[in-house]
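One chain follows as structure tokens, the form predicted alone.
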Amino acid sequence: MNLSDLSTPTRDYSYAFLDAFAKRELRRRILKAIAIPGYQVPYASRELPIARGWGTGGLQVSLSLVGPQDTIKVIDQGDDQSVNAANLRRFIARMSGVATTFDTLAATVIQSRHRVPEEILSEGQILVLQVPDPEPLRRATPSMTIAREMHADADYAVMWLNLYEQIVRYGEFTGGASYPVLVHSRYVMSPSPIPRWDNPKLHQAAHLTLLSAGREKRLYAVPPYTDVRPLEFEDVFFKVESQYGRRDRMTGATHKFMDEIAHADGSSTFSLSDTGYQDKLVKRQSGEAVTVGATYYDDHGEFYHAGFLKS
């Protein structure tokens, strides 16, 4: 036996790119975030071969969690094949050797920018959301020290005041993406810039949701079967974006979140934001054997979680 027999093949990078210390720290921070739902846990955000603001927070969480047995799905605004999603997916696969998929049901880890898939996620799946700004109180106070004190005291009066001003001026809530939610009846949380349409999907969900902001060096979590309620008044209720009258141009599907596509003649058509779900509907209509999972909103626009949202 000689020295070469005892050595391992040369590797340019650690498994999943991040070094062991970085992955260990992230896992510990994730455990703390799960133990305190909605609480922002600081961590040492590492340098990655992409610019901050392009998904470094979500990427670090995904790299710290994936193993050879996992299957990764990466989406950007619901699209599996956008430039950002494709680059992140290739990087994760190259650095860890994990399988990749466009199928929501087949994935064990789903990294997403600004959308929650239409198909209902199950136990054992992890949704990683990229977050540009994790602080819901930033608009109310520019001082992060004061914001931390307000979180500690559960003093969210300014959030309610902001919602009240919207109602007085416009007659309804005008906030779109990043609509604030109350997690486990304790912390007000920014649910990433997902549309209001996706907020109810986090309530009592069977899957684990992890949210991470690389620039801000903060991560937080929504454990499975946790209450996630959007801020609303007793007489003015939270509403999702109306998709009434919108029909997917490829499949005819309705009551799902749509992207509007403008045409040169001034007209517009609509397309499902979740392209993985859209592809499965197209295959089913063409006669291919494909498993299409149940969706959070049914064909009548009713939401599955009883007592949370009706339409």
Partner chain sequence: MYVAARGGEEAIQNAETLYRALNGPLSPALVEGIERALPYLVDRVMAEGSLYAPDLAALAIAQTGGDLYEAVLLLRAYRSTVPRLAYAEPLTDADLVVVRRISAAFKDIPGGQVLGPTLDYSHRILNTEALSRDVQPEPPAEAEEPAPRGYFSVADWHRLNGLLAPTAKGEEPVAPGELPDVTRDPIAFPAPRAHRLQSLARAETGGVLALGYASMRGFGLIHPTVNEVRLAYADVRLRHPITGVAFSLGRARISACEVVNNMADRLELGFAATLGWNEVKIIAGAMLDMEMDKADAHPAHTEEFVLYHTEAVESSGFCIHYKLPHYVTFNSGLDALRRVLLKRDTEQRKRVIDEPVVVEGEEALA
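Keep in mind the model is a prediction, meaning the values are calculated, not measured. Residue numbers count along the first chain shown, from 1.
Absent from the display: the form predicted together with the partner chain. The rest refers to it.
Every residue in the set Asp79, Ala99 and Ser273 has a non-hydrogen atom no more than 4.5 Å from the partner chain in the predicted bound form. Exactly one listed residue, out of His151, His203, His114, His207, brings a non-hydrogen atom to within 4.5 Å of the partner chain in the predicted bound form: His114. Site annotation in the predicted bound form: the residue of Lys239, Arg186, Arg229, Arg139 reaching within 4.5 Å of the partner chain with a heavy atom is Lys239.
Shown alone here, Ile50 lies within 4.5 Å of the partner chain in the predicted bound form, counting heavy atoms only. When the partner chain is considered in the predicted bound form, Met258 lines it closely, a heavy atom lying within 4.5 Å. Among heavy atoms of Ala44, some come within 4.5 Å of the partner chain in the predicted bound form. In the predicted bound form, the partner chain lies within 4.5 Å of some heavy atom of Val83. Stretch 84 to 92 is the contacting one of 156 to 164, 121 to 129, 84 to 92, 221 to 229, since its residues have non-hydrogen atoms within 4.5 Å of the partner chain in the predicted bound form.
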